[in-house]
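We begin with a single chain expressed as structure tokens, specifically the form predicted on its own.
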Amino acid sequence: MIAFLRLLSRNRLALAGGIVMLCVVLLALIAPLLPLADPDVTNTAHRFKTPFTEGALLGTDHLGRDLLARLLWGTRLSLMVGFAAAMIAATIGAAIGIIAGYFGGRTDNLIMRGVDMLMAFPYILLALAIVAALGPGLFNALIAVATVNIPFFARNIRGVTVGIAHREFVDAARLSGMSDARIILTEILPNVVPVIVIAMSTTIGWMILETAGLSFLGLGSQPPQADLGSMLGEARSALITNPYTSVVPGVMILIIVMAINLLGDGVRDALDPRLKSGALSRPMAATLVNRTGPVPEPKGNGLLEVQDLETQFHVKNRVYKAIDGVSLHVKPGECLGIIGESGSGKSVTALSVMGLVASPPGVITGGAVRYDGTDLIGAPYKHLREMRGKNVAYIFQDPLATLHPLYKVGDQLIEAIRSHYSISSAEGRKKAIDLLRAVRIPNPEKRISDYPHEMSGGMRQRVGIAMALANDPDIIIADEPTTALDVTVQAQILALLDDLRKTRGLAIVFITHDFGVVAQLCDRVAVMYAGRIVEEGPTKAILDAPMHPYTARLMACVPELGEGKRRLEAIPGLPPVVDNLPTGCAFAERCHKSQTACRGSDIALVFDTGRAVRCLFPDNPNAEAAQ
């Protein structure tokens, strides 16, 4: 609950709405305790007293009744009816939606066709018809408002339930012998409760308005009982001569509805599991930069040079050092492999190059990223946007997630080209076909009209590569592009990338956790652990004689075909949490060679004869002597 309130408080509009709504509710609750006049007592001798008159702070109405007393008691009644209608509609609608979505088939068809019949009538007319059938009265108005809103909840919850009912955890519950009722209560309901709460928080305001509308027409609250709608209805005859009698309840309705809607938006965001990090706003177009130290001087090591890069994630009061002083470089026509366990910082390093780390919560706090000598950290967004896809392109891990499902692959390729060059539709189509042919997609003239779901995983990945090549970039950053592919397709993709590198002179930064891929494609390799480079050097040298114990353990985890029986090793323990890194070597707790010195001061990355290692006791004797 505390975490939810903290997330909610980050949205200032929602916080303001919550504060206003809390004040309104408190005033309504303490109305019986306040020294107010009787809201129903008439005194025609004091009718239409203006606001701020002695004894009538907000004035009196056409019967001399105190407007302040009627406002507070009417607000109390309107809130009670609105919240009660929302609870009834949400409970019945959610039950209908869950049953229809869970059982499906005929049950679903029968229930939802009934809901469709209700939705076929305009909801105001349906509410009027219900009140006309039951008779005027506040309770009947409550029933009418709740009834016309049941289809809204039923539709929303049914859609969510359909997606949950066939998930693996529900199937496991069925296989364990649980009854349908128990599955609904213990497996389905907890997953749809946030949706119900969100729907309620965004519709209570409308229900208060609908109830006020019925009372305004004389079908809700009956005299002398007051609610906000009936106060408006009674004041309409004096709208011209004494407008304050209409303004007082009208302003209160406006305040309540606006406050509830603002608060509802905040509740929706705070309950969204994708935003639990505390980032309640959309990510910025480029990663936030807040460099606290000096900018490193360029060394001219390559086309792309990363120097002492530091990227952090600021979540609430915690700071996660995802990247801590990473230095890399890649030359034209060269392939650099970055390898390490999940969470070691490989992808964050790649995304930091062009400012693609989401902010909030990501922040680049140090270092430099130079493309052809120009520092990209903190560069204007217009400059970064021009370079993205044109000079530096990306190939992402899951093409089904990165390709738009509603657009044909040819249209997406053409869009990638048109974002940098002005070309005609015919030229764009010809270029897109040439790109598909370059990545060895058969019959590209036909496949250009396919949607992503009509292609296999390997074909989609080729489209992703074609999109990266669309503007003839100098550098391609490939973030585990073969992880989700089978071995045969993986080999084809790697061969394709290697051919493109040799024929086009591309520089490739290849992120992976597979040493087999590194051996096949990469000229050099950098091994990452806990946001740092722990070893770097030529691929063959590292594969033949790894220096860092972590590199050796990673390689020992890979099975070798045709090498006879060999124990398949595993690295003990888990990687450290990067918001609380240990002093000294981050790998010390998992290392079989660790000593007291490893847990002392920070360990530098030491270079020697084309190799670099961050270890006091490396496996290579020559590197050890250099220490």
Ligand code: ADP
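Because the structure is a prediction, the values reported are computed rather than measured. Residue positions are given as counts along the sequence shown, with the first one as 1.
Just so you know, the form predicted in complex with ligand ADP exists too; it's not on screen, but the next bit is about it.
Undergrad: Residue-level contact is defined here as any heavy atom of the residue lying within 4.5 Å of ligand ADP in the predicted bound form; does S344 satisfy this criterion?
TA: The answer is yes: S344 has a heavy atom within 4.5 Å of ligand ADP.
Undergrad: Check whether P361 has any heavy atom within 4.5 Å of a heavy atom of ligand ADP in the predicted bound form, and answer yes or no.
TA: It does: once ligand ADP is placed as it appears in the predicted bound form, P361 has a heavy atom within 4.5 Å of it.
Undergrad: Can you work out whether V348 and ligand ADP are in contact in the predicted bound form, taking contact to mean some heavy atom pair no more than 4.5 Å apart?
TA: Close contact exists here: in the predicted bound form, V348 approaches ligand ADP to within 4.5 Å, heavy atoms only.
Undergrad: Might F396 be said to contact ligand ADP in the predicted bound form, defining contact as any heavy atom within 4.5 Å?
TA: Output for F396 is no: heavy atoms all beyond 4.5 Å of ligand ADP.
Undergrad: Heavy atoms within 4.5 Å of ligand ADP in the predicted bound form: which stretch among 317-325, 109-117, 185-193, 545-553?
TA: Result of the contact check: 317-325.
Undergrad: By the heavy atom within 4.5 Å rule, which residue out of V578, A56, A586, C591 makes contact with ligand ADP in the predicted bound form?
TA: When ligand ADP is considered in the predicted bound form, the option within 4.5 Å is V578.
Undergrad: If the cut-off is 4.5 angstroms on heavy atoms, which of these, Y371, Y102, F313, F515, is the one near ligand ADP in the predicted bound form?
TA: Of the candidates Y371, Y102, F313, F515, F313 is the one lying within 4.5 Å of ligand ADP in the predicted bound form.
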